[in-house]
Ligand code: SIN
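Coming up is one lone chain in structure tokens, specifically the form predicted alone.
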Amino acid sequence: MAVTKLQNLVILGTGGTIAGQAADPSDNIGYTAAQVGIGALLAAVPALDQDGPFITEQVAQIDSKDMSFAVWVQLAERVNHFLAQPDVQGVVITHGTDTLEETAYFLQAVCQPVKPVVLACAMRPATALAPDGPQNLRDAVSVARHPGAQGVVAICAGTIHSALDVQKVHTYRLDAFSSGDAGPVGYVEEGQLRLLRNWPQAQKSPLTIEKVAGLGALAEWPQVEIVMSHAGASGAVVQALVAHGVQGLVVAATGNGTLHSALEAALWAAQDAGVKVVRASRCTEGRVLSVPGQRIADSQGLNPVKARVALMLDLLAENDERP
């Protein structure tokens, strides 16, 4: 009986806790992220041998709290490059948890992959007594190998999250992510997938794949900052950012996009001065439901950090269209 040869899976390393090391194996928080290379990470999971062949590449080696636009562009370029190869089934990216949701959203928006791109992470370093990275990496490979898988997803503690919904909601526990009221895409159970809903679909993007490479040549990206509405909020931060030349503002509003009156007035003034302003909610679940007459656009269900990425992409597209 002929054995069907598996297509290549590409595994791109970017660092993060999954590649972290601590001096004491019992220390799960006092570690240094991004110390172990992607080759060593794979070698530490012998069970992956049956899931190859793999192509590995170290795109970056950083703590994801320090994620940069330059790394995003490089990641998007490598994802596009490999997914265009007919012998590549999908891509797995090892990534830190702190900015995973932003990277996932950026890659989904810009690359719009019809093959799977799976972000794997860890909440404990590679040197921990019971590291979670190896299992998350094995699960990520299972997702990328699944027939029909597509789009950007993240896998953590056996749960598959869509790039559009994933959000880090806990500082310490191994199951640190949620998809909010949208719910997870599915689960990985002993290497098998149990799907609950559809894979992420391509969204309308202000930037085409062909323009991704051009982003790497940008001296700087549009400045978009996040401000928060809270009890006693003022417009001082907004006014300072406008004076500094900010191009976009995302406000993490209370409840259903409600804003302190002083902050709202400052945001209206910023908008009148040409700054793009978007309302998201600081709540971890639900979305802003706009009412007639709202002067500030809502984030279309995106949380504040993803709304910031979306606004940057919109501003880049606008700049690209200008003569």
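Just so it is clear, the model here is predicted, and its values are computed rather than measured. So that there is no doubt, residue numbering starts at 1 and follows the sequence shown.
The discussion below concerns the form predicted together with the ligand, not included here.
Residues placing heavy atoms within 4.5 Å of the ligand in the predicted bound form fall in a single listed stretch, namely 62 to 70, out of 62 to 70, 40 to 48, 290 to 298, 261 to 269. Only one of Ala122, Val250, Ala140, Val152 lies close to the ligand in the predicted bound form, with a heavy atom inside 4.5 Å, and it is Ala122. This chain is displayed alone, yet in the predicted bound form one of Lys168, Arg145, His81, Lys115 has a heavy atom within 4.5 Å of the ligand; that residue is Lys168.
Taking the partner from the other structure, the ligand in the predicted bound form has no heavy atom within 4.5 Å of any heavy atom of Glu102. When the ligand is considered in the predicted bound form, Pro200 lies well away from it, no heavy atom lying within 4.5 Å. Contact between Phe54 and the ligand in the predicted bound form is not found at the 4.5 Å heavy atom cutoff. In the predicted bound form, the ligand sits within 4.5 Å of a heavy atom of Gly96. Contacts between 14 to 46 and the ligand, taken as any heavy atom within 4.5 Å in the predicted bound form, involve Gly16, Thr17, Tyr31, Ala33.
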